[in-house]
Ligand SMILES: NC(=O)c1ccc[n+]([C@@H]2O[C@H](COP(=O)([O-])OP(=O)(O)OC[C@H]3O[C@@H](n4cnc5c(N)ncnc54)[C@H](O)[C@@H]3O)[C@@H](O)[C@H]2O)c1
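We begin with a single chain expressed as structure tokens, specifically the form predicted on its own.
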């Protein structure tokens, strides 16, 4: 078990990639704090982990609420004495181009996709500094290295996550803390609903994936989870400030 006895936080862990990432960390020995605003989603992930013989607890909160997020992380530190891994995964897609996107939607996208990552990292950093170790993984997207049609809020925030990741990595590498970003491509989860609607439905998005992705298919959440495990474990011990794109080759064509 390559994460034995480590304490991990995964935000947005109630479904999809976040759930798969939390499950694989637990499988490898970590105790995982499953953080999600959905009590049902968090409970489902915790049950999945415990049924497989892993260790997890749920933390139900909205990551855009600074006070609640800080209190939740402080409680974890009080209970476990350390935080070894923070995977900032919670996010949202907001559709629309410059003129179409609602300003409130743009603000929500920024608060969830960027600011909440910033705040969670800020809250765990003092503990990681005292430990002299820690790993922060920020979920960006292939949209952080490419540009999506009529998705200005999402693309802007995902590019910002990459810049923030590199800055954090440079600032804290000498203290034993690594910070990297994950850029998933097309993964078949309900998260894609806004873009699917914008594209004109399921058939249209399937055709798009077949045409634009060199591998010609979606990724599974389990494939993305393997990349998460690599980035949060000692398998990537000499890696910081890096952006791992897992997109079936879309970004290279």
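Not measured: the values here are computed from a predicted model. Positions refer to the first chain, counted from 1.
The discussion below concerns the form predicted in complex with the ligand, not included here.
Partner contacts here mean any heavy atom within 4.5 Å of the ligand in the predicted bound form, and among 120 to 128, 168 to 176, 70 to 78, 88 to 96 they occur only in 88 to 96. Interface residue among 145, 164, 112, 151, judged by heavy atoms within 4.5 Å of the ligand in the predicted bound form: 112. Here is the short version: of 55, 220, 198, 64, the single residue with a heavy atom within 4.5 Å of the ligand in the predicted bound form is 64. In the predicted bound form, the ligand sits within 4.5 Å of a heavy atom of residue 189.
In the predicted bound form, none of the heavy atoms of residue 240 sits within 4.5 Å of a heavy atom of the ligand. Although the partner is absent here, residue 17 lies within 4.5 Å of the ligand in the predicted bound form, judged by heavy atoms.
Although the partner is absent from this view, residue 37 contacts the ligand in the predicted bound form, with a non-hydrogen atom inside 4.5 angstroms. Taking the ligand as positioned in the predicted bound form, the residues of 149 to 186 that bring a heavy atom within 4.5 Å of it are, in sequence order, 154, 158, 184, 185, 186.
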